[in-house]
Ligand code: HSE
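Here you get one chain, nothing else, as structure tokens; it is the form predicted alone.
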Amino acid sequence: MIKIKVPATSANMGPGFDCLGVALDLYNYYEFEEIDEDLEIEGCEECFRNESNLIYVSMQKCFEAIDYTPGGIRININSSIPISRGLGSSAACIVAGVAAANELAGNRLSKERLLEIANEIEGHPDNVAPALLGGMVAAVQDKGKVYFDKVKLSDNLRFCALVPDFTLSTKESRAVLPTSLTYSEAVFNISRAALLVTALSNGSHELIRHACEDALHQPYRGKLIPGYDEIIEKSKELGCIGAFLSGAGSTIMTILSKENETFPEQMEQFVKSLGNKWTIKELNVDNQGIEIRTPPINAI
């Protein structure tokens, strides 16, 4: 049996649309086993216990790349990452699936190749790259190839996720995006994406808030989230050093200095005044990424 642990991720970091993401210490756990025949899936809703399950689809994609045909597959899922909240739940399933398939087939592929297969399924690398590699990752894709580099974050940073009780589908979130940009909007985002990477790495707290500004998706997707503007403003008032929409939403991610110990409790009190229920999750960076445990060769 193969046991896999995959971290949550927060992608589209501020201006880093489809290219900047970070792994966080909230996890999904999976168990995989090759059996004689059929497909058995436990730990999810009945409607996902079939061949359309994203984990199984991802496994099949990897098996095809390796030219390996299993007898049957058993999958057990233990999820802690909220679904459809912009915290990488789909990416976790994809990364777990391709990694498990690679292990069952004899561990033939490198992490770089697994990332490319995962990216083909996901469509963009900013969630799957940190889930696989850990830490904060800058990644781009070109003709099926993924180019990436890890960003060394300042030790004095932590994250606080504000997770609402409603979801936003990626399809819905993409539908509100503009079809074209002005030259000035492009410059706005490019300059801030560059500044965000350096400010997070150097611990330049006074710059991070400005670097989180965005013209590509947050002004449009924020309108789909009741209380979005109020939460962003309150976050600044309570001393956060950066705030952005996590992934495609609906989670709002804030960046804190480790000295700011009062933010979570004060924000929890504030969101009670809003129309929806919000859960506050204090998170740290996961620097390892996917963790795979396989039985020893001499296991019975």
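Start at 1 and count along the sequence shown; that's the residue number. Values in this document were obtained by computation on a predicted structure and should not be read as measured data.
What follows is about the form predicted together with the named molecule, which we do not show.
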Out of the stretches listed (96-104, 200-208, 154-162, 121-129), which one is close to the named molecule in the predicted complex, meaning heavy atoms within 4.5 Å? 121-129
Residue within 4.5 Å of the named molecule in the predicted complex by heavy atom, from Ile241, Ile252, Ala248, Met59, is Ala248
The named molecule: the contacting residue among Lys223, Lys111, Lys145, Arg174 in the predicted complex [heavy atom, 4.5 Å]: Arg174
Would you please decide whether Val22 lies within 4.5 angstroms of the named molecule in the predicted complex, comparing each non-hydrogen atom pair? no
At the 4.5 Å heavy atom threshold, is Phe17 in contact with the named molecule in the predicted complex? yes
